[in-house]
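Shown here is one chain on its own, the form predicted on its own, set out as structure tokens.
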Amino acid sequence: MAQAFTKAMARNIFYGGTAFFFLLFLALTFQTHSVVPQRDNHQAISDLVAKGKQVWEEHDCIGCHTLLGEGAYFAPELGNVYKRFGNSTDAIKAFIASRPENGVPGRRSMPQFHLSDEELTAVAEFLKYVSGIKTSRNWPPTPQG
């Protein structure tokens, strides 16, 4: 009644499973590549935006902040900071430049990084670019970040 499990059956299951999951992988890859361009904000990444990302990485901003939900949750989400600051890169630059030297006593606060005007402009342009990215679930969920 019950048939013995043979090497041929095991081999067929292995090859069939491999082919199935390979085709599934290809289908999901194709689907991802068709959806991602629709979410892009279709803005060319300028040299200034690239410099802003470099400054962002050099100062490990992701170590405290989240950006589109990725990063640490110590400080506010910055995916919509451009909109929160009234669509003004000048407001972002002023906020970063105005941080106290030793922080606010008794409170966690952003340190003073002593960024140059060029670096401040670059970071503000980077955050402006990020705010234009269309996320799949309208992230961040609240205006405060």
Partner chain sequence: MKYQSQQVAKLYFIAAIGLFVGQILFGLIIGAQYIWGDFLFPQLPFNQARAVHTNLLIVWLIFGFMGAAYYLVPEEAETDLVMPWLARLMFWIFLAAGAATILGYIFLPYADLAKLTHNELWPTMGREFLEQPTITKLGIVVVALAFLANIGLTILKGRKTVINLVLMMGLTGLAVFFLFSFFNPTNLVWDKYYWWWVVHLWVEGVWELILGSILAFILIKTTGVDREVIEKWLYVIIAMTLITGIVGTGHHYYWIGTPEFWQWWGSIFSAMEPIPFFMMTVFAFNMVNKRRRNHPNKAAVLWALGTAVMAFLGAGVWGFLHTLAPVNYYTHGTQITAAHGHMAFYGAYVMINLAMISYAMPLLRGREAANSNRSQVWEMWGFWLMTISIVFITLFLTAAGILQVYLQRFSDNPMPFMEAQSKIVLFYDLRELTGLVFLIGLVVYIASFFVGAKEAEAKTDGEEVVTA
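Source: prediction; values computed, not measured. Numbering follows the first chain given and starts at 1.
Below, we turn to the form predicted together with its partner chain, even though it does not appear here.
S.K.: Does at least one non-hydrogen atom of V130 fall within 4.5 angstroms of its partner chain in the predicted bound form?
M.R.: Yes.
S.K.: Just checking whether S109 would be counted as a contact of its partner chain in the predicted bound form - the rule being heavy atoms within 4.5 angstroms.
M.R.: Answer yes; at least one heavy atom of S109 falls within 4.5 Å of its partner chain in the predicted bound form.
S.K.: Might E118 be said to contact its partner chain in the predicted bound form, defining contact as any heavy atom within 4.5 Å?
M.R.: No.
S.K.: With the partner left out of view, is K83 within 4.5 angstroms of its partner chain in the predicted bound form by any non-hydrogen atom?
M.R.: Output for K83 is no: heavy atoms all beyond 4.5 Å of its partner chain.
S.K.: At 4.5 Å, heavy atom to heavy atom, what parts of 66-81 sit next to its partner chain in the predicted bound form? List them in sequence order, or say none.
M.R.: Heavy-atom contacts to its partner chain in the predicted bound form: T66, L67, L68, G69, E70, G71, A72, Y73, F74, A75, P76.
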